[in-house]
Every structure is written in C-alpha cells, then in structure tokens.
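The form predicted on its own is given below as one chain in structure tokens.
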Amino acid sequence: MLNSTRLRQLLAAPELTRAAGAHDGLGAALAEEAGFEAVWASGLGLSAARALPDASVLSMAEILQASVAMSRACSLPVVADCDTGFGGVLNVAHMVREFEAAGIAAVCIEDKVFPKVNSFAEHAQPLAPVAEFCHRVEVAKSVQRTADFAVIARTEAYIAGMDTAEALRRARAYADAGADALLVHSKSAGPEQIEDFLAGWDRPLPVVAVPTTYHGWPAAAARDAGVSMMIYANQGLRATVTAVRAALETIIAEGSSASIEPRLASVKDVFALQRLDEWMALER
C-alpha cells in the first residue's frame, strides 16, 4: 500500500492520527518505535538541525532529501512541511511532482507571504491574499499524478492576529480550491481557538492541529472536538536539545561520562535502530 493511501485512511478513520515531528531518519525510526502513526518532516526541525533559522532558508531540495531519508527509515507516511511552497506557483507545481514521485505521502503549504518566519518568532506574520493562496492549492492539485497524494492547506490566520471568522473564511476557500485537509495553527496557551474554529467548520475535510503551545490538550479531547490529526511538531527536537546539552555539559564538568552512562542508549540500541543486522545479512 502506498503511504499516501495509508495517510488518507488514517485521516478518514474515527481514531485520532498522531504525527511526530522529526528532522532525520533516526527521529522517524524513533517515532515509529514509540507508536506514532505518521511523521511530520518539520521545517523548524530541519532548519535547527543545521543551526539555521526557520525563515525560508532551506531549499526545496534540502527539505526533499531529508523527507526521503525519513520515509526510508520507517514504514510510516511522511507529511512534509513545505512552508509557502518554495517560491511562486511554478515552484509549487515542481514541489508537488518531486515530493509525490519520491513517495512522500503529503505536503503542507501555508498561507504566509514568502519568505516566511517561524510562527512562534516575534516577527510580523503577513498573509497572502486568499485568492492567491487558493490558486497555489489549485495548481498543486492539478499537477499530482496519483489520486491519494494529499495537499494540506495551512492557515496562519490566528498566528497573524486574526479572528475565528477570518480563519474560517480562509479555510473554507482553501477547501473549495481542492485542499485535502486543513491545518489550523494557533499559538494560544489553550485550545480555545481551535475549538472555536471546529465549532464553525462546515466542510468535509479533516482538520489538523499542532499543540505546541496548548500542549495540555489531551488527544482524546482533541478527537472529540473534531481534530483528525495532531502533529507534535517539535517536542522531539526540543527533547534532543535538552538531553544532548545536559550530557555534554556533564562530561565537561565531571571529566568523564561515567555518571550518565546508565541513562544513555547503548551502542547495541543504536545498531538496532540502524537495522545493522539486516544490512550485514546482505553480505552473507
């Protein structure tokens, strides 16, 4: 079964689909091991892995290469965070064809103005005109070659300080333009904006939420409210920063890694994630 087909089945199922943000193949393998149903190839994560800002700095080719590495490292469908589409309408068309051909299950594009800045940064967040973004969605859908490849339209209306009425106006237009799912983003401390949006949502499209700031919202409550997919977009990245920083600081402070060794993954564990035995069996 194609990963794109699997993703559509997940989004249509009554259960909540949980996607883990990752920035490399190892993160994707760990997401699968933990029990997530999908992987989010995170723009923030991929930028941070290169110590670069999440500000439309990475190219389409870099995002594609990383997304493919994640897809190959696990059996889960990968949804690629493609920002505003890497340029103009022709760039969007090129993006869809390349990601689809590479076996990525879906791409997500947002209605910001290029170049975008991460939604949680203290910078202006200008949005594209609705008609312009609808055209991007229409072009994206017109060039895909398989029926199940998905284009997720993401509205940043709440991020830009707009109200629920504007978030719904934009989301309905994107749905009517042919989007396969709708991601509504919020940096509120609670889920109230998402709940308000869902209360007014009247299109038969799955809704995706990203609980970065409203992280106390239980998955079951989100599903009951109407969310089809929750993307835990950067928790893995932030956990990595905390754990690696603490380990390295301890080694410097204590002169060895002895005190932290019991808490570290074994080399054997790393080998298992790399599927070393499977690879070595090819030689035999």
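Just so you know, these numbers come straight off a predicted model, no measurement behind them. From 1 onward, residues are counted along the sequence shown.
Below, we turn to the form predicted in complex with a small molecule, even though it does not appear here.
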{"query": "The small molecule: the contacting residue among Glu100, Asp180, Asp111, Asp81 in the predicted complex [heavy atom, 4.5 Å]", "finding": "Asp81"}
{"query": "The small molecule: the contacting residue among Leu44, Leu58, Leu26, Met230 in the predicted complex [heavy atom, 4.5 Å]", "finding": "Leu44"}
{"query": "Interface membership of Arg170, the small molecule in the predicted complex, 4.5 Å heavy atom rule", "finding": "no"}
{"query": "is_contact(His185, the small molecule) in the predicted complex, heavy atom dist at most 4.5 Å", "finding": "yes"}
{"query": "Val210 within 4.5 Å of the small molecule in the predicted complex, heavy atoms", "finding": "yes"}
{"query": "Proximity of Asn118 to the small molecule in the predicted complex, heavy atoms at 4.5 Å", "finding": "yes"}
{"query": "Segment that reaches the small molecule in the predicted complex - one of 65 to 73, 26 to 34, 249 to 257, 232 to 240, heavy atoms within 4.5 Å", "finding": "232 to 240"}
{"query": "Complete contact of Trp40, Asp54 and Arg154 with the small molecule in the predicted complex (any heavy atom, 4.5 Å)", "finding": "yes"}
